[in-house]
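Just one chain follows, in the form predicted on its own, and it is written as structure tokens.
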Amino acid sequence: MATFTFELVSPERVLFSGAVDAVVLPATEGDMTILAGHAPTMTALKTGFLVITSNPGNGRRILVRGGFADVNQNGLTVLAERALPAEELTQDILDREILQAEMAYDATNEPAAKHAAESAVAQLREAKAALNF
């Protein structure tokens, strides 16, 4: 399988930089799988798991909370607002993330912001269930 260059950056650190076979993005329009040779595109990300595949049958999951993905001729770059590798997630961390999203929901009356916060709460609860916490 052909590989391409992928870089995942959060405000705190570079979480991944290297060659990959595929990356599944939690795009706002729906999950997207990026493979080598993908058409150039830019998309916003929602809260969810980004999955990096660098070896067939081997996927690394990273929980992202918002950001942007840019696919171009050089590869894929993701600038995440927040990103936490699945192996670093704990029940306490997820509970704090859920609380922050709930507080964002309560703090606004703007319909679009309320919907985004409500979606983030639901997706974080799904992530918590998927990790069996």
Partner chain sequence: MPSLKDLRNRIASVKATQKITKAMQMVAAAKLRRAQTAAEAARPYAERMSVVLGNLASGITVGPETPRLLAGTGSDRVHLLIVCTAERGLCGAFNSSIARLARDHANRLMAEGKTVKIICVGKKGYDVLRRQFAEQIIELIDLRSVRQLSFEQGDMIAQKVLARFEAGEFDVATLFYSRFRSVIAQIPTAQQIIPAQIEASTGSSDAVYDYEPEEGEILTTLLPRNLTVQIFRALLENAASEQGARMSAMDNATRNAGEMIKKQTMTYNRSRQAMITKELIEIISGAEAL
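Treat the numbers as computed from the prediction; the structure is a model and nothing was measured. Numbering follows the first chain given and starts at 1.
Omitted from view is the form predicted in complex with its partner chain, to which the following refers.
Novice: Check whether residue 9 has any heavy atom within 4.5 Å of a heavy atom of its partner chain in the predicted complex, and answer yes or no.
Specialist: It does: once its partner chain is placed as it appears in the predicted complex, residue 9 has a heavy atom within 4.5 Å of it.
Novice: Consider residue 88 of the chain shown here, and say whether it contacts its partner chain in the predicted complex, taking contact as heavy atoms within 4.5 Å.
Specialist: Output for residue 88 is no: heavy atoms all beyond 4.5 Å of its partner chain.
Novice: Is residue 122 close to its partner chain in the predicted complex, meaning a heavy atom pair under 4.5 Å apart or at it?
Specialist: Residue 122: no contact with its partner chain in the predicted complex.
Novice: Taking heavy atoms only, is residue 58 within 4.5 angstroms of its partner chain in the predicted complex?
Specialist: Answer no; every heavy atom of residue 58 is more than 4.5 Å from its partner chain in the predicted complex.
Novice: Tell me, out of 71, 84, 104, 51, which residue has a non-hydrogen atom within 4.5 angstroms of its partner chain in the predicted complex.
Specialist: By the 4.5 Å criterion, the partner-contacting residue is 71.
Novice: Heavy atom within 4.5 Å of its partner chain in the predicted complex: which of 35, 99, 44, 93?
Specialist: After the contact test, the surviving option is 44.
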